[in-house]
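The data below hold one chain only, encoded as structure tokens and taken in the form predicted alone.
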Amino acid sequence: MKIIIASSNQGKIKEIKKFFNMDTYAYSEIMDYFDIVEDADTFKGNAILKAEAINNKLTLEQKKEFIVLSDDSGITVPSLGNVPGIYSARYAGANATSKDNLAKLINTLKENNLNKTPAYYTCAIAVIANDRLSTTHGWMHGNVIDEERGTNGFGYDPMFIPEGFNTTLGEMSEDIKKELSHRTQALNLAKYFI
């Protein structure tokens, strides 16, 4: 079996491809790119929407060859009313870049006089194999800070300090981040479905 990832986020695709010891492809490597509507109100709901969108485009032969895997993830800051949450990828607007989203969250912390405050990452994984859907979650808790530190990782990593550490994910090596990651936790559970 092979895995097809229902995402166009290059950071996620890179992490997921490194995680599995099997042939793993972004969906745009198998079929024409198309926008997947993510209008559910939970990470799990959006992960399911993405997995189903790709699964529905596969032929019967491809469904025998591929397992569809999707990830919906983001960061939540309780002291800011649980933003950005499911809107993490578009926090600064529909066409925002990761840098735009990061800058907006840093500015929002500063506007609220928060130098450091608790936050957590959530990752929901949906897997479809032979038209059977399974889901799982992973979390990583810590704090966000009102500045960008480090250049590793992607998204909000340069402002997130995991519990028990003094450095941001952006300052950590890829190996340490992978060990702590909400995505790694969710993918470890998803291995049972796969």
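Quick note: we count residues from 1 along the sequence shown, nothing fancier. None of the values given here were measured: they were computed from a predicted structure.
The same protein also exists as the form predicted in complex with a small molecule; that form is not shown, yet it is the one meant from here on.
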query	finding
Check all three, Glu38, Ser88 and His182, heavy atom within 4.5 Å of the small molecule in the predicted complex	yes
Proximity of Phe165 to the small molecule in the predicted complex, heavy atoms at 4.5 Å	no
Close approach of Phe66 to the small molecule in the predicted complex, 4.5 Å, heavy atom	no
Contact label in the predicted complex: Gly155 to the small molecule, heavy atom within 4.5 Å	yes
The small molecule contact in the predicted complex: Asn9, any heavy atom under 4.5 Å	yes
Location of the small molecule contact in the predicted complex, chosen stretch of 156 to 164, 141 to 149, 56 to 64, 127 to 135 [non-hydrogen atom, 4.5 Å]	156 to 164
